[in-house]
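A lone chain, given as C-alpha cells: the form predicted alone.
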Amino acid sequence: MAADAHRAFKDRLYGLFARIGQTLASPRRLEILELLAQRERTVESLAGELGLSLANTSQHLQALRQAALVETRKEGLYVYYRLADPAVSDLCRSIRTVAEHRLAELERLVREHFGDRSAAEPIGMDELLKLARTKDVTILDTRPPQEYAAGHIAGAISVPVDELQRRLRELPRDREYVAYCRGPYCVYADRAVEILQAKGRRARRLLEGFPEWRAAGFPVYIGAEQGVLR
C-alpha cells in the first residue's frame, strides 16, 4: 500500500474517531447520555430534568443522533430517545474513570458537594450480590418509578427518595438496607441512607449505580414489579 494512501486512510479514520469526541465535548450531552443510560426519554422529559428549553435540548439530541450515539422511536405524538448501543454507556464510564484518575479537582468538587460520605458506608457490587443471595439485605431503588420499571437490580424494591419518609413503616427496623440510584454522583442514595439511619435503620449505599450493575452482567429485572434475584 502506498504511503500516501495509508496516510489518507489514517486521516479519515481518526477523523471519524474525532467526530465522536467533538460531539461529546459538551457537559449537557454527556449528562443526556447518562440519563438515557437509565431509560429512554422524550425531549420534554429531558428538558425538564436538565432545566433547558425544548429547542436547546433538541439541538443537543440531534447532534448526538448525527454522531450515531442515540436512536429514536415514535409513539403517538412523542419521539423517544435511547442509547444507540451499550458501548455508548461504556464510553461515558471510561471518560468518567479517566477524569477520576487524572483530575484532582474532580475529587475536590465531589467532596465539596457531598461532604463526608463515610456515614453512607459504600458497598461494592460483588459484596451486594453475595448479600442479596443470602436474603440478608433489602435493596432499595431510589430512582424515579419510570427508571425502576425500565430496569432495576433483581430483587430491589422501588422506593423513590422523595417517597421514603412516608413509606418508612414499610421498612422493618430489623433489616439491613442498601440504597442505589443512577451512579456514583447521584445524590438519591445518599439522601436515602441519611433518612434511614436517622430513623434507626441500618443502611448503606451502593458505590456504583444501576448502569454499572447491568454492564457487569449482574441480575436485572425489567418491569414495575419486584424481580427476584437468584
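Numbering starts at 1 and follows the sequence shown. Every value quoted in this text rests on a predicted model; they were computed, and no experiment measured them.
FYI, the form predicted together with the DNA isn't displayed, but the following is about it.
Judged against the DNA in the model of the complex with a 4.5 angstroms heavy atom cut-off, the residues Arg29, Lys74 and Tyr78 are in contact without exception. Comment: the DNA is not present in this chain, but in the model of the complex one of Arg191, Arg39, Arg202, Arg65 has a heavy atom within 4.5 Å of it, namely Arg65. Val43 is the sole member of Leu35, Val43, Ile195, Leu50 with a non-hydrogen atom lying within 4.5 angstroms of the DNA in the model of the complex. Mapping the unseen interface onto this chain, Arg182 falls outside it, with no heavy atom inside 4.5 Å of the DNA in the model of the complex.
The shortest heavy atom separation between Leu54 and the DNA in the model of the complex is within 4.5 Å. Within this chain, Gln59 lines the site of the DNA in the model of the complex, having a heavy atom no more than 4.5 Å away. Checking 141-149, 100-108, 79-87, 120-128 against the DNA in the model of the complex, the stretch whose residues place heavy atoms within 4.5 Å of it is 79-87.
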